[in-house]
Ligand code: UDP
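Only one chain is included here, represented as structure tokens and corresponding to the form predicted on its own.
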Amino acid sequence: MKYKRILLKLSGESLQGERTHGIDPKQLEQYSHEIKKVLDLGVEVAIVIGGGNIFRGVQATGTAIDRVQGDYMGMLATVINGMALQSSLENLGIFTRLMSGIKMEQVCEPFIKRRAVRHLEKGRLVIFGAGIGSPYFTTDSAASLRAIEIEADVVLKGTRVDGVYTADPEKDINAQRFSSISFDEVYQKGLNVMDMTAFTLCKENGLPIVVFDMNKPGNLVSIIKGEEVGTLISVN
């Protein structure tokens, strides 16, 4: 296996499936089966999931809800998604732990780095909810930070496109996909991969990122096996 310990970043919108909001049970089940295939290979898996299918902090802009309050609402949305994913995975017999950046002992454990690593070493899948527990930080930043803290080998950013392109492939038919690219080239070309805080955290800590299409069955396993899937972003 190319990677022994991974952090998988999923967007909240990815759980919508064909719906306009909320959680699509079929999409949830599909992701759970894909994740199980990786666990069955002996890979240690941690997951950060967004909350955009329920609520985004930026939605509060221009409303009676202030930004900080909105961000905390978004964090709670990620916990709801984490609970849904946890239940789906446990239905497949996977041992999981949901850890939160905000204390809510009735539904999940508080995030403690050593405890999270120990869960992974014991073969449990760990889901990190509530971002980093502070406003003004995205779940991309939470994914990068948690990956560094647990010493993951890579951040796998599951999206609906199959990598990083020269332009938005959904708008420009001439957009070209990169099979690999350096952090510096992403900066120079002004490509949109993650928010700048998250991206810089990975660059400064030499943590590679793979952007790939999570909706294509088998992609996740192929990446773990070292096959060329999506776009690899690394220091060199």
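Residue positions are given as counts along the sequence shown, with the first one as 1. Fair warning: this is a prediction, and the values are worked out from it, not measured in the lab.
Keep in mind that the form predicted in complex with the ligand is missing from the display, and what follows is about it.
- Query: For residue 123, is any heavy atom within 4.5 Å of the ligand in the predicted complex, or not?
  - Reply: Close contact is absent here: in the predicted complex, residue 123 is far from the ligand, nothing within 4.5 Å, heavy atoms only.
- Going by a heavy atom distance of 4.5 Å, is residue 162 a contact of the ligand in the predicted complex? No.
- Find out whether any non-hydrogen atom of residue 82 is located within 4.5 angstroms of the ligand in the predicted complex, and reply yes or no. Residue 82 lies outside the contact set for the ligand.
- Task: Look up in the predicted complex whether residue 91 has a non-hydrogen atom within 4.5 angstroms of the ligand, and give yes or no.
- Result: Result no; residue 91 lies far from the ligand in the predicted complex.
- Task: Tell me, please, which stretch of 148 to 156, 125 to 133, 162 to 170, 109 to 117 lies within 4.5 angstroms of the ligand in the predicted complex when heavy atoms are compared?
- Result: Result of the contact check: 125 to 133.
- Query: Candidate spot 213, 223 and 230, all three in 4.5 Å heavy atom range of the ligand in the predicted complex?
  - Reply: Contact check failed for every one of 213, 223 and 230.
- Task: Taking only heavy atoms into account, state which residues of 63 to 102 are within 4.5 Å of the ligand in the predicted complex, ordered by sequence.
- Result: Contacting residues: 70, 71, 74, 75, 78.
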